[in-house]
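Starting off, we have a lone chain in the form predicted alone, written out as structure tokens.
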């Protein structure tokens, strides 16, 4: 028997382990996503130059207005300067609006593309991945994390680039106007950057914690809403509220911590900027007294100082956006880089040339499998199903019956041995072709929100006529209850088929299988949760569906398996007995014991 090396489940809190605050590799990958929209991004980036020029022009116009016109009483000249100032403002706001529109447009398109890629990639991942990852956590990736990356285009890295252009422009203009006064202003720059560096580090940790707690909250909320019936059944509302309150409180505290750091950075930078203005008034006033500086020049310097400190003051918010985007990018690309464990084989077998009317052969050869840990679900399990044969699998809970169905359509891969369909290992089949060839009707039938007709057409090749749907519904004994529904085939089924009974859902699943028409069919506990009347309808429909088709029927109710050509009795992961219902009863072994437990005779 091969050693079992099953992968351990991922810790839901692994999201706290993140990389650098600014990762050039991640930024390069985000840039790669923008390939179709790079012209728009480049146009937006070039707009920073005229925007910065108009920003820098305004304080200079104020200087000219004061020194050349106000102080000398030149009102006509002042009118021209004021008009130029208004034009500069109008041009600035127009360019800002255009740039904001272009960058948000890019962000929305990137968000759409990333969500599409994530959803398509998630569909390719194996069943074991979803066993280890809560649905709410995946929803956080596809919704919240992608939105955080989109926000980076509107107010993150692009805005920081614009701030840098403006900062360098301000420094150049101030040095050109009066380098001594500029150095007085720059004397407080080290304090500005020290404060920004400290609060950036704290914000980095805060935003990581914020995203992690949001993922936990989403995962719990999704699970609770999905299991609300069970919560109410066991009167666990109070306990669930307490858990939700605790998770929500953790998220709120993390949000408050990030807000505190943002507010603290804003306040500190504002205070340092005010101190810089005070220094300018003190030193600049002396220069005006000595005739080395004009009054308009001092006012312009104060304006330039505000424009110098404003980007640093807003750096907290922009850094928060970048932190969130980097953390989200790491998770998004981590999920995209997670290769599916199950891939189509080199042969990539496709059954197009094979007639659907012809039945198949199923073979399990010394199969070993375990989900997690050292406990084998199947251990050296071997059996064969001949062409056109209907074989039933019975056994106690945990014997491995449903596992056989999952291995047959390759939801999981064996850890030892081989599973063959038509003499070809399922690992050599093309996955989509295999799953169209081997149909599975599970115990818990899943119906999508939508019409009855849309659910019946699910997975069918090409266009299925309405007559074909009606024939399938008739054969499946579903036509009667469909006709009684308001709107018939157009009746809207709610999420998970909540407005239908278990028996009705099961009949629809059988009708869907008839439309789907797989060559091999597996019924997994088809009548375990239905009443006696529905069970009779389901069994009658099963008899029609399985006639002449290679099939496996998994059941706890032994009344369901009497129609089978052969019955396999599983015990501790192996086939212990096989034969017809009558033969196994005469032997009196495991099957006889199960029969006695169910019927008391």
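Positions refer to the first chain, counted from 1. It should be emphasised that the depicted structure is a prediction, and the values quoted were computed from it without experimental measurement.
We do not show the form predicted together with a small molecule, though everything after this point is about it.
- Listed residues 337, 444, 237, 131 were compared with the small molecule in the predicted bound form; 131 is the one with a heavy atom within 4.5 Å.
- Only one of 149, 500, 399, 367 comes within 4.5 Å of the small molecule in the predicted bound form through a heavy atom, and that residue is 399.
- Of the stretches 110-118, 303-311, 256-264, 401-409, only 401-409 has residues with a heavy atom within 4.5 Å of the small molecule in the predicted bound form.
- Looking at residue 371, you'd find a heavy atom of it within 4.5 angstroms of the small molecule in the predicted bound form.
- Contact check for residue 377: a heavy atom falls within 4.5 Å of the small molecule in the predicted bound form.
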